[in-house]
Each structure stands twice: as C-alpha cells, then as structure tokens.
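Next comes just one chain, in structure tokens: the form predicted on its own.
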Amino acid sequence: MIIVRQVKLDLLEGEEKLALKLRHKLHLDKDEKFSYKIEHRSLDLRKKAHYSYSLIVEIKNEQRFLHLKDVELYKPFKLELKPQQYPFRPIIIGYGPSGIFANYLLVKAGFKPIVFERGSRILNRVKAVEHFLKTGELNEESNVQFGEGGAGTFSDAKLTTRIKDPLISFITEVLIAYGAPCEIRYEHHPHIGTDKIRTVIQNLTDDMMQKGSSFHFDERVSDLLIKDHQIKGVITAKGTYQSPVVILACGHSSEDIYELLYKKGVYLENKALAVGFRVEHPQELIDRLQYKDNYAFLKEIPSEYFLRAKTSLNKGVFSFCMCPGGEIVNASFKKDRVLTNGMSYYKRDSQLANSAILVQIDTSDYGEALFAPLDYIKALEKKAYDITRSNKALAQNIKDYLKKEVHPLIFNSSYRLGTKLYDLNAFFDAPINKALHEALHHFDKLLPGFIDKGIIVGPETRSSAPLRIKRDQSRQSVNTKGLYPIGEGAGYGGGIMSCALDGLHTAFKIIEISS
C-alpha cells in the first residue's frame, strides 16, 4: 500500500470525486483498478479554501509511484502480542483514559487486571451529574471528575494531540471498534462528544469484563500496602487486595491519593499549573471570524480556535479545551468548591462556543512547598464558593473585566447552575489579571469582537495535575517498586489521547518486565 497526500477537493466538491482526483495525481489509465480509504482530512482556509486529503491506496506494482511528489509507502501499525498466563493480577486504580487503555492492553496480553474506580458506572454517573446540575446536590464520589471514563467523559472528547506516535492509530481503531464515529480516523481535529464517548466506554468495559478483567466501581482505594519500598496491594472499605503491580491512574483531582502517597513516602514533586476562566461567545461569531468569505459553505461545521499570547510579565496565556457548540459545566467534586470545565455533544449544536483562557503560574505565584500548587487552586475554588455561597459560577462581560466594571451579561451563559455577576479583577492576583488583560487584547486583534461580544465564566483551575508522581525509565515510582503512576493525575498526560498513550506504554513495560 502507498499513502498519497495533498489530494484536494474544493468546498463544493463531494468525496465521490476523490477517486478521479487520485487517478489524475497518480497518472493512472482510466481502466486501472485500485482501492483507497481516507487516512487524514484537513480544511485549508488559506488563499482558495479547500479540503486536503491523505489517502491510503491499494494498487498493483506500488513501487512505480514512489518517485511522485506526495507519495510514499504506507506502513500500518501492527500490534503483536502473544497472550500468556501470569501468576498475578495487576491492580489499576482509576478508570479514565490511561487506566482504560492500560487495562485493555494488559487483557490482550493475557492478564486479568482488577480495576478500582471510586465513582459509578456511566449510567449511574450521568444520573448523579444531571441531578447535580438541576439541584446543586453533589455526589462527591461520582461526578464530572470521578467515575467510569474519567473526567474526559464529560468533555468534548477531543482526540487531538501534538504527540507523534504510531499507537495513536491503534487507539483510534479501538475507539471505533466500540462505537466511536469512523471519521475520527481522519479528521484533523477529531472529537467524539460527551454523548457518544459514554457509549464507547460502556461497550469497552463490558467487553473487558467478558475477557477476565474485574471491576470494582463505587469502591475507593483508602490505603496502599507498601513494604521495603515495594508495593504489595491496596485496601478499600470492602477488603484487602494483594498484587506486586499497582497502576495508579487516579486523575488530577484525587487529592486524597496525593495525601496518601505523601504519608506512605512515595516520591512526589510539585509542578507548574495554569488558572483562569472560561470565555463564551456566540458560535456564529467564531464561525464568521474563522471562515470569513467561506462562511456560507461551512456554517454547518462549528469552528474552533487555538490562541496563545506572550505577556510583559513573561507569563504565557493560552486557550484550552475549546468546545464549539458546547456548554460550560460545574466540575466540582467537593461541596464547598466551584470550578468550571467545558463539554459538548457530538453535534456541537448549542449555538455557543466556550474555551478556557489560562495563564501559566509557577512557584513565584504559590511558593516552593510540595503541596503549594494544590493548596493554591483549592483556595481559588473555595473563594469562588464563598462569594456566592452556592454552586453558581462567577461571571462578567469580557469588556467589563478589562474596564473593571460590572454590568448585566450581554447574553445568558450555558452554565446551568446560574451565575453571579462579579468583578474577576478582585478574584485573581494582580499579575494574573495583568497577563489576562494583555492576552485578551491580543486575542481581540486576532478575532475582532472577542472582547465586546464575549462573557467570562469561572474559575477554571483543573487543566492539569498540581503534582507529579515521579517515575523512572521503567515507569515505576522512583522509590516504590511495582507502583506505576500514569496519566494526567500522575503528571504525565494532558487529554484523552496523551493519557491513553501513557497507559499503553506503561502496559507494554509491565508486559516486558513480567514476561
């Protein structure tokens, strides 16, 4: 097989014309037979707008095309595992993307892992979240952060990553096999949506149960068995479970796990963070700004933006987790905290676009102590709750934030638990406000109307873990053998795809060591 890149279609041309375009690009006779599938598709809005495709082509005598521009041999990734029997069952704590894919690969290798997840299975978890969003009554064990699928279940379920890794295609195929849309194979910015990712994860979990993995939902790990710097197992309220291998995939909001690790002497270090708020705009505004003259042709496809700014304080500010056609949700896991996140459904049809706007912070903001970054974001979340004495989010027009004024919002936020008008300048420290002010002015130059036609809802505090559970080249804790910290909560991931990759690579290492 060969891969042929830069096969272009105009915006009004259907994909049925790809075969003709491919025949022309490869200089084929009209009778020569071939087959193809889409490997990648992106929208190019420079000069004359068009779609650009990369196609995987099966054709005879493929070597004859390798001299052509944009053509090379295609080498598909093949997973080669010979299932074996092992004398122990690995334990996995947490069942977000890293835990899910670590479990998946270990099952394929012949292991029968035992998975502990403090939250509920998705159907009950969704009920708990919907109840919270309607009533404000929070389940601290099963919510937007905790439960089957992890925090990514209540997101846009984006699969974008800057990491170049052949396992990305493997992850994509696994997701499709369990019900994800086929176009995630080739879209430039693929997403599954919070509604569809729920079904995918349920299907995957059900299959893993059939293949020997045991699941303990609604069962929080309360202690680790460690002796002579070697993990021996875990303890929950329901019992003691022994294993020489424990994979820690706890997620970035498992504060009790960080405290437990510290008490047990597992090596931790603090890390830089980012804090800020969500901005919200009419989706039509973003589409018109991004598509310009092509808006009429593309308006049914909600557009995204990716923004970065350097500031005079040497603090970077960036957009994060942009959700076209989405909604802002309360991502709290404690009853006395308020924090926000964004999510969207597969169709992205809410008519509102939201994104986190975050400023980088470090020890100069929160101090050198180990738990300082965690204490810093906890204080912000508690402060937001104390201002409203409720689960309402703080809100302000962007233009008013820059003028240090408070006026009624120019439109109603998608945040379902209600908002309280508040001057965010009084919420953040002066350096953070200064960096955010400078960045917003820069973003308005890139997307005119970003200031005048947008609102702020916040705070946003949980874009990444506040601590890192340091590990060595074998992916084990540097001072606790058999403990494998993975994913976002361990400080080694930042989104569904990067966390899934981390889970897979760690599972490979466990298989290698155990074989």
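The numbering used is simple: start at 1 and walk along the sequence shown. Note that the structure is predicted; figures quoted are calculated from it, not measured.
From this point on, the text means the form predicted together with a small molecule, which you will not see here.
- Judged against the small molecule in the predicted bound form with a 4.5 angstroms heavy atom cut-off, the residues Lys158, Ile257 and Gly489 are in contact without exception.
- Proximity to the small molecule in the predicted bound form, defined as a heavy atom within 4.5 Å, singles out one entry of Leu261, Cys321, Ala439, Leu273, which is Cys321.
- This chain is displayed alone, yet in the predicted bound form one of Ala393, Ile93, Ala356, Ile201 has a heavy atom within 4.5 Å of the small molecule; that residue is Ile93.
- Contact annotation for Gly326: none of its heavy atoms lies within 4.5 Å of the small molecule in the predicted bound form.
- Of the heavy atoms in Phe154, some are within 4.5 Å of the small molecule in the predicted bound form.
- Contact check for Glu117: a heavy atom falls within 4.5 Å of the small molecule in the predicted bound form.
- Shown alone here, Arg220 lies within 4.5 Å of the small molecule in the predicted bound form, counting heavy atoms only.
- Segments offered: 441-449, 249-257, 298-306, 165-173. Contacting the small molecule in the predicted bound form at heavy atom distances within 4.5 Å is 249-257.
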